[in-house]
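There is one chain below, alone, in structure tokens, taken in the form predicted on its own.
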Amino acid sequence: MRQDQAERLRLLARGLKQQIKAQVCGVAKNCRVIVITSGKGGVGKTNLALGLSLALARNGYKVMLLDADMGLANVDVVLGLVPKYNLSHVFSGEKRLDEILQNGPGGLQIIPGASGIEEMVNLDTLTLSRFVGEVIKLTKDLDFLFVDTSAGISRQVLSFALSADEVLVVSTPEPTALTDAYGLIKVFKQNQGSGKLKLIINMARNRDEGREAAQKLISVVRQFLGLEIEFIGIIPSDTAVPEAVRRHQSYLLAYPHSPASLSTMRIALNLGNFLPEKTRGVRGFFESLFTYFRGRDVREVASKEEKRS
């Protein structure tokens, strides 16, 4: 049964790929920048970011993943990679961006962020210009740049979300995770975020639980914030995920026919099938990001009580 599902997904990918890729790449060579974030830690955000990136890379898209989780940068850990350099070495002038890139499975390229993400806040104009130039050079043929942020509503996390055209919010069905996801979306609205918000429910015990959790969050956000969120899928709770982590692999590669892998592949293909009306591309994303980092006011919710209101 799972093999049949996997074969259908492969056929879908082949059928859509040429049409979609031509259209996506035809928009001024602007690749899609997708920020993946969550209100609460421990919801499987990084594993999902890696899974979606790999799913698209394995279907012929050119994909890069920026590990922008300042507290727990661990995309490399999941894959068993040991990067010697990260963005901090680029900003210090020790290395070029292309020299710190990590080659992941299936052609996926990974930018190890670590402490370098936090250093972005204080970069001088010359270093910023050099960095943006290197990024544009490296991403000129990309289809997707995924950005895996920290969880929560820090200034840095919000800056990434506010700069993106597409923001994937990851939550589990747990009430605390849904409440924190609402808090993140609320602050996004308060800061006049304009990106397309999309919701993924991860670690659901079954599809009914996943749908119920999604509808609950969507309804509350619509009622109290006046925003619409696109619900793009459910990833079931699956023992293949932690088992793959123990093997320093992505579950998508270690257990390609597992329920989590098949669901991730389906979501990834749906993402590929979505053609945004407009995209700022990599240049626009980083220019906006640095503007937020360097002075544009970003409102944060400081107290837990306000966040939960």
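Throughout, we count residues from 1 along the sequence that is shown. From a predicted model like this one, the values you see are computed outputs, not experimental measurements.
Although it is not shown, the form predicted together with a small molecule is what the next lines describe.
Site annotation in the predicted complex: the residue of Met265, Cys31, Leu54, Val241 reaching within 4.5 Å of the small molecule with a heavy atom is Val241. The listed set Leu108, Ile235, Ala213, Ile117 contains one residue whose heavy atoms approach the small molecule in the predicted complex to within 4.5 Å, identified as Ile235. Put simply, Asn202 is close to the small molecule in the predicted complex: some heavy atom of it is within 4.5 Å. Among heavy atoms of Gly42, some come within 4.5 Å of the small molecule in the predicted complex. Using a 4.5 angstroms limit between non-hydrogen atoms, Val245 touches the small molecule in the predicted complex. Ser250 falls outside the set of residues with a heavy atom inside 4.5 Å of the small molecule in the predicted complex. Here the chain stands by itself, but in the predicted complex one stretch of 202 to 210, 218 to 226, 138 to 146, 157 to 165, 202 to 210, has heavy atoms within 4.5 Å of the small molecule.
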